[in-house]
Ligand SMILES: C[S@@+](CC[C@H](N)C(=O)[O-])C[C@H]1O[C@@H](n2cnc3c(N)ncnc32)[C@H](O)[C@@H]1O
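Just the one chain here, laid out as structure tokens, in the form predicted alone.
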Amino acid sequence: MRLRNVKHAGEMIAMYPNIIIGTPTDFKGKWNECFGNNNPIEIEIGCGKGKFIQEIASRQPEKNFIGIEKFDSVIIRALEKVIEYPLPNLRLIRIDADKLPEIFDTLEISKIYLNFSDPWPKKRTAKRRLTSTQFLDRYSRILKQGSNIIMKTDNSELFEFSKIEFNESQYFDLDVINNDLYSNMPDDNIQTEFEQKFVEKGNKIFYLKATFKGDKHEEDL
């Protein structure tokens, strides 16, 4: 369970405005200025305590990365990692993911990672799942044509739901479906904190990759 309150979390976050961007809407369409280069920008939605985003940014200095997390009490753990091991190509944002089109412009993002997202198991909360039709529409408004969404989960119901949503979407082609990631592990796999725990418990890890094929939002440019 995620803790909602960490003492002095807000104060600590405010101390590092160059790592956790306090007013991300200011950079809409200008995120390359934030990084000081024109490298591709990839985001992880729900970065948790930051293990994945920290490691991938370290491995791929030729790209820029933004970790997005909703709760102060969680993102502060990611902040601690970045403070200890600073990376010029990594930033953090504390927002709800439904605000993505407010902080990123059309064609601004090159890849999205969805690692062990909240499954929101009740039917009435399905639209809050990060692979719902509502979120796929939001992603279509910020991704470059040909960009990928990478998803990993241990929740079979969320995985089945996600396959249906991608297959029915006008925006995406579903390219890779792996029902047991650890039976055919890609060399570049990076574990998250949740992934480590799930694998230790013997949970099966599901994986998919979808490609954004372009849509009406690009045609309006």
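From 1 onward, residues are counted along the sequence shown. All values reported here derive from a predicted model rather than from experimental measurement.
FYI, the form predicted together with the ligand isn't displayed, but the following is about it.
- By the criterion of a heavy atom within 4.5 Å, L107 is excluded from the residues contacting the ligand in the predicted bound form.
- Taking non-hydrogen atoms only, F194 approaches the ligand to within 4.5 angstroms in the predicted bound form.
- With a 4.5 Å cutoff on heavy atoms, D118 counts as touching the ligand in the predicted bound form.
- Proximity of A97 to the ligand in the predicted bound form falls within the 4.5 Å heavy atom cutoff.
- Partner proximity in the predicted bound form, defined as non-hydrogen atoms within 4.5 angstroms of the ligand, places exactly one of 163-171, 177-185, 23-31, 45-53 at the interface: 45-53.
- Between the options A57, I68, I41, L158, the residue in contact with the ligand in the predicted bound form by a heavy atom within 4.5 angstroms is I68.
- The partner is absent here; in the predicted bound form, the one residue of V74, L79, L90, M151 having a heavy atom within 4.5 Å of the ligand is V74.
- Residues are counted as partner-facing when one of their heavy atoms sits within 4.5 Å of the ligand in the predicted bound form; in 163-183 not one qualifies.
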